[in-house]
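Each of the two blocks below gives one form of the same protein chain as structure tokens; they are labelled structure 1 and structure 2.
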Structure 1
Amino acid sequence: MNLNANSVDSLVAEIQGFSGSSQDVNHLNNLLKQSEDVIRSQAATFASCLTQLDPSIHSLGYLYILEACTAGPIPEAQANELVLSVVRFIDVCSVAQIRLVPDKFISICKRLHEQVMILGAPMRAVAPLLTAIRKIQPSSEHLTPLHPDFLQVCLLSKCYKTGYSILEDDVYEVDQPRDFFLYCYYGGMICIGQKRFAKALELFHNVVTAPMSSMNAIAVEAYKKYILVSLIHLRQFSATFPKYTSSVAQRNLKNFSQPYIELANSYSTGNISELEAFVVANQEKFENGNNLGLVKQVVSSMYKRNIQRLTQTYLTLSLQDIANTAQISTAKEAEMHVLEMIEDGEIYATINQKDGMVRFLEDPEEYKTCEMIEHIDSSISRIMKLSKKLTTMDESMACDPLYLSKVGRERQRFDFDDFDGVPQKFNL
């Protein structure tokens, strides 16, 4: 479209006239692409015309103009107004129209994230970014560039439950590796806030074992938390990496996490006084890494580990004996730990307040309640879906030319059926 002196009014008229059928919207998209340089150069003028457009009807044109208006530096006085405009647009915009230019939609959402961070009000972006994710996602299996931003604002505003809502989705499609690293890292921290340590461990494990060609700070921080959460949740830590971990991670992660490796070694001795002394000596290192709170939970988990081991040997034990054996200062403190473990379902026991005796019990779950049957059924369905997805991905990979080319180059020169004693691999 050849824009003249009346270019602004002409373009607004085009937006108003071609925002109906899908064919018209596609035509409008082509016109807007041709006019993009003009829109950017006259962004201030176009911004004043946004009042003539309905963001729910003219979403595509509104998005082009809004993206151009937010592309440059935003004066502090206008930051709040910008946040309100973007939030309103995200809430009412047409999904069909914004998906024609997803990069622009993601761009204005990221500007929203940037501005609420500058304003020190991350909570203002929680609901809008969740709405934006659902609108731009082709499916719940797709990880968008907005996932990390959403989880970060949830984390900063302590909206852990809201953040956890998207962590329940199984992700199979990732566009950018960095998005995946940040998604798992922030997601792991949200799970810690929710005391869902098993899920946190899974997410940090994904970061540590993800393919990487060079070391990155996200993986290092995730590894530190992976160690701490392993000690809190599993009461142990294995320094051995899974075979599928990248060679870069296996060579470098431990070098960047020495105090945490040493903490795990101290934990494995079972000596609480030694562990506490180590934490005091390295407190500044843990504080600088913003991990001191988790480290204190590690110390507390050692008491629980020692109590848990007692359940494997004794049926009945006094609180004082538990305190002595588990290296706890007083019987009262031992009672507190036992009550916490009962509440969290880590042990099954009753406490006789009269004589201070603890009776350890078997797991009362009989796996025949309606809730348990529904849980098992849901787990089986999820595993079947995952198995089907893996089969599809395996078949797709088996037909991928790049994969076949790489396998062909590394294929053994000889078969064991033809020759005896042939080495498995030759370095020619």
Structure 2
Amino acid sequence: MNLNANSVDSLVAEIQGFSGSSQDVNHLNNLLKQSEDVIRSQAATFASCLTQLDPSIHSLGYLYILEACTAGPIPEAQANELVLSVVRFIDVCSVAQIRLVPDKFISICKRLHEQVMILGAPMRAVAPLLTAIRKIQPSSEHLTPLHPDFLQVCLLSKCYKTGYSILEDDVYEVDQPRDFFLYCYYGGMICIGQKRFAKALELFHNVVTAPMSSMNAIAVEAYKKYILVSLIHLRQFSATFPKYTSSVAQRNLKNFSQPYIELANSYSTGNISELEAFVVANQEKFENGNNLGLVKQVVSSMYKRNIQRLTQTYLTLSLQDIANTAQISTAKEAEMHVLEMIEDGEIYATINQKDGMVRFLEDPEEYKTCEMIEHIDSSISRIMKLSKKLTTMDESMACDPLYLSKVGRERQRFDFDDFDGVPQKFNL
């Protein structure tokens, strides 16, 4: 006991002593790694010492002890306190120190996530997790295991805007496919919440077309939402997969989302009453998939699609005619739809309420303004950057020994087979 108390004290002393220069911190890291078992077994004793440490200066040691404390099961009474201390730590900890042991940092963040979920207060983890991601991320292109957790709490607490901020970064570096799938899936849902359908479509598309060797539930759910968002945003859905889609996905996804495919088929006929009848008939299925809200949006997007078609054919049209052609029940309702579409910038039109006429206009954008030129300019430079990246990646892949050995092996085997064929023919 005494010995233990000693070791605790000495370890705390060492933590206090070696938290200065980076050399010292490295040394401390080695020390702590060696005494990990001790810390774990004496978690309770160490916990009491936390008060002697300053999380902003002694981040590494603090992290080790905190991780040990949270490793075991946590009684409900302490949960609140634990959440508080983790949040405080995430807030002030030193980036350089925690990056020495990212596993431990991620593990306490995961515990935080777990606890706020148990407490039923996901909102509490939104800000800390965002900070945590920014601190542990080597660059904004890296996907951390914290991304999905963060997006999940954002979704649950409806903090779509905060969640969306992280989706604006392009992610390229992925460690765990599962993290990536969940990141895209939750991300897509957040984009739907923000009505950023194009981005949502892109994220779901990434899940559906991601290389996979076996089916997973995330991909199936993402595919369902992909169909719906595609109908809402693009007003159409093409059931063919791009050819880079994994064969597993190509073979199975459609079987798992039959009602959704049928919905898309029914949508393409352009008949609203038919679509509505189909939705009512399959309401339960959509409800079970938690997609009923989106399905309803699909139905209302059908009206918009029909109105948008009219803009191609008419210069002026009375509201009553719009209602008739787009199968809307009253002229009043048609006016509402048109107004909504004008507000969303989907069509350009003016409504003359006196005669009940709508005048459709051409897109007023002349592509002459400075802003437009700036926009184009920035697009060009972004794309140039992107294609440079592509070239670099291509080169690095061409030099990758793993890739080369795999390609080489395949070719060799192929040659060998070829060779083998000849004598067999002679045997005949």
Partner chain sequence: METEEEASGQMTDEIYTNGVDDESLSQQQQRRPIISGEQLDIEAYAALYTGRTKISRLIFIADKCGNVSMQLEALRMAYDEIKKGENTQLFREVVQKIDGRLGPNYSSDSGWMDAVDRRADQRKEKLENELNAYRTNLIKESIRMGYNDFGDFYYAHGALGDAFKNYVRTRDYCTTAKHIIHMCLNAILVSIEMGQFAHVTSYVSKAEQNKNDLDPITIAKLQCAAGLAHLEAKKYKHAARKFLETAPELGNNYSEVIAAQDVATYGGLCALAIIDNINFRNFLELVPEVRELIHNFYSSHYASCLEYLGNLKANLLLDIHLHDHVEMLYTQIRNKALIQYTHPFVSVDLNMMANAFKTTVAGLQKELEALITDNQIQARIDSHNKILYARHADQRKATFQRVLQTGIEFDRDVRGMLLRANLLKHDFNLKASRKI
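This one's a predicted model, so the numbers in the text were calculated from it and none came from an experiment. One-based numbering along structure 1's sequence throughout. Here, rigid core means the biggest group of C-alpha atoms that superpose within 1.5 Å across both forms.
- In this pair, the copy labelled structure 1 belongs to the form predicted alone.
- Comparing between structures 1 and 2 on a rigid core frame, one finds that T369 has its C-alpha moved by 3.3 Å.
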